[in-house]
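Given next, in structure tokens, is a single chain: the form predicted alone.
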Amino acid sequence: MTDQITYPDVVNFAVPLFIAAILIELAWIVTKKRGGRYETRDALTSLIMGAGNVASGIVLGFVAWGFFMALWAITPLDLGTAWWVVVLCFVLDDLRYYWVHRFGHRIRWVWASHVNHHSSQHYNLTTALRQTWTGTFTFMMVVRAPLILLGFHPAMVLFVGGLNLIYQFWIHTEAIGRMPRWFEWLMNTPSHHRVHHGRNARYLDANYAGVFIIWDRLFGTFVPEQDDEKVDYGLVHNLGTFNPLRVAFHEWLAIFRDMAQPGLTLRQRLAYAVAPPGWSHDGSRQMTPEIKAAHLARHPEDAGTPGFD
């Protein structure tokens, strides 16, 4: 088996393109007076979160890499580095991303890391850079284990993961409406991903795709953007802060506070970490199904429409 395989760090190479695209989007918004909004403190928070994500990757990247190489050492399979292997790896890794992303909205421990990406009440290209500092602690690296055990080299897996992240950058914008119909059917687009960032009851827990929206269509989590319902960005309960430390760690602290409440059973304490966001032992909070049900109680005419079907 080949251990010494290297691929370029495509995300770092893409940074100048990210900066250029942000400046172009900002200029478009300023000159055209449409296509989104920039708030200086919000954009700065997103940039700091992005820098922190890079720093955490440098400090903690050895954990995932060591785990992947340990798996590589025990698998008898090696698919090599042919172009079709890279393409297949890219597609399968995108399926992996779909499930990690879905877990990130349905398991509070994983949500604690992912929530910062949804904490902005604005939607522009800087939002794409609002990334986690604590991804290593979710242990979602294990979802990549099947790829490596199937014979995809760890370096290739990380390479296609970088390509996936680069693709997702451009879909964080309001400056692009809808793409051609065939593209909207197959690929993740700004329209689809705007839905994912919405706090509207209709749009909660939908459109988890990274590159191929087909996964959401297959697994029943696709909700189209509605022309008559503008996306309201942010969290169900917004933070109201631009403090990067609070953005990065607030949900972790909330988990530990909930688990430390007196009088709980061990099962209840664990549920505060692994149940969906909004779960509570006394039913005093709302999860997504309850939020949608409450909306339908107020607006029964929405029953059977996208997001409520």
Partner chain sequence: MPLSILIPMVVIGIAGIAVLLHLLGLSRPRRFDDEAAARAAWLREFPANPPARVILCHDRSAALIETVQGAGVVWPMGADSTARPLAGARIAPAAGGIIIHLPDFTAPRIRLRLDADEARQWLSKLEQTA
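These numbers come from a predicted model, not from an experiment. Residue numbers count along the first chain shown, from 1.
Unshown form predicted together with its partner chain; subsequent notes refer to it.
Residue contact with its partner chain in the predicted complex: Thr265 places no heavy atom within 4.5 Å of it. Proximity of Asn238 to its partner chain in the predicted complex falls within the 4.5 Å heavy atom cutoff. Contact annotation: Asn164 falls outside 4.5 Å of its partner chain in the predicted complex, judged by heavy atom distances. In the predicted complex, at least one heavy atom of Leu253 sits within 4.5 Å of its partner chain. The partner is not drawn, yet in the predicted complex one stretch among 149-157, 208-216, 72-80, 229-237 has residues with heavy atoms inside 4.5 Å of its partner chain: 229-237. For the options Val30, Val274, Ala260, Val59, the residue carrying a heavy atom within 4.5 angstroms of its partner chain in the predicted complex is Val30. When contacts are defined as a non-hydrogen atom within 4.5 Å, all of Phe13, Leu23 and Val54 contact its partner chain in the predicted complex. Heavy atoms closer than or equal to 4.5 Å to its partner chain in the predicted complex belong, across 33-57, to the residues Arg37, Tyr38, Glu39, Thr40, Arg41, Ala43, Leu44, Leu47, Ile48, Ala51, Val54, ordered by sequence position.
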